[in-house]
Structure formats: C-alpha cells, structure tokens
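Before any questions on binding or motion, here is one chain by itself as structure tokens, the form predicted on its own.
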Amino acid sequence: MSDNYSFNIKRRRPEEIYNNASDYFRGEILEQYATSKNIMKIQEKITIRALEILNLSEKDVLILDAGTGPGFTAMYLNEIGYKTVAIDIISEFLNYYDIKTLNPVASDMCFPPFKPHIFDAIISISSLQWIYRELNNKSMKDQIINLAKSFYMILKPKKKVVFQFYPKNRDILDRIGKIFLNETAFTGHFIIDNPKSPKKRKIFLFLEKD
C-alpha cells in the first residue's frame, strides 16, 4: 500500500518509551501539550488536509474526532460548521477546555461506545501510533483489529475515515494498512504528503465503507 521511501527516525519517541498514552500525557506534559499554540496550529493544518481528503459534500454531517486530546481538531471542525463528537481515553484532556458542544466522551477509541451507522465521517489525528507500534505484540494487534471493526460498524454506509499518524517504520505502516483492509470491508489507501522529506512528511490512511 505504501510507496518506496525510507524512514529515518534517530531518537525514540514517547509512544516507544511509554506503555500507554496516559502514562505520558499527565501532569506538566499534559498541560504543556494542551496549552501549546504551536501544536494547536499544527493540528488545525493537518485537520484542513484531512478534510480535503475526505471531500465532504455538505456541512450537515456528524464527525467523530477519535483520539481528540484537548480537542484541537474537534474545536476547529465545530468552528467551521460541522457537528462533532470528541473521544479520548485521557479524561483530563476533555476537561481542559469548555468543549460541551463537542459532546466529549472519555473512552478508548479502540472500543467506541456508539451505536452502529451514526457517523458521516471519522477523523483521527496523531493517535494511531499509540495503538499499534510493535509487530509482534498480540495485544496491540488485537486492539487495532477491534478499532478497525468498530470504526466500520459505527460509520454510515458509503462514508469515510482519515487517519493521520506517525508510524515508526515501513513494516508498521504496511501492517496497519493490511489489518484495516483484511479485517473489514473497508477499501482505501495511504496518502503521503512530502514523502521524500522525513521532517515535513505527513502520512494519511484513507478508508471508505462499502
């Protein structure tokens, strides 16, 4: 599913050091992340690109922001007129801003507590690398399989999903793509912006429900 380009990650990232996102995003680190204007701008820019990929034909839709963190993506979507539900496993993030209108849900995105066929689109920014990052870890594989099946279930027919994430290597990237296509009836592909520039590169997984 992916093009031929190399990864050049020289240092270990937080998701490789900590077992869970909640182990890393706590205390001072959580506050720094939630109050960072730079991260907010980056998230908004990535969200704009995700919307381009989704190519939604109307504003009267319901979007799930999966792994919302402090709600940067969901707040931007709400500002430009979309109805949004924000979900994150770290409840402290959801209390950081006044995001009642974003219907915040404190829950694991791998086990979303929603009924079938209710979302018109799903956007997930910078979260997938926390879920599946080790090829031989059965627990991580089971979680992402459940995420794939759950997202397929809660999405309306003919609707779409966009993940933006930071896989640590080519093998992880390819395996994630295969899991989504083999374990569900999703169709889709990777979209790589700036593939030759590791610093500027953005990786998106686009999926569509039959």
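Quick caveat, the model's predicted, so the values are computed rather than measured. A residue's number is simply how far along the shown sequence it sits, counting from 1.
Quick note: we don't show the form predicted in complex with a small molecule, though the next part is all about it.
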Among the candidate stretches 134-142, 101-109, 114-122, 77-85, which one is within 4.5 Å of the small molecule in the predicted bound form when only heavy atoms are counted? 101-109
Could you tell me if residue 167 has a non-hydrogen atom within 4.5 Å of the small molecule in the predicted bound form? no
Taking any heavy atom pair closer than or equal to 4.5 Å as contact, tell me whether residue 33 reaches the small molecule in the predicted bound form. yes
In the predicted bound form, residue 21 touching the small molecule (heavy atom, 4.5 Å): yes
Non-hydrogen atoms within 4.5 angstroms of the small molecule in the predicted bound form: do 148, 177 and 184 all have one? no
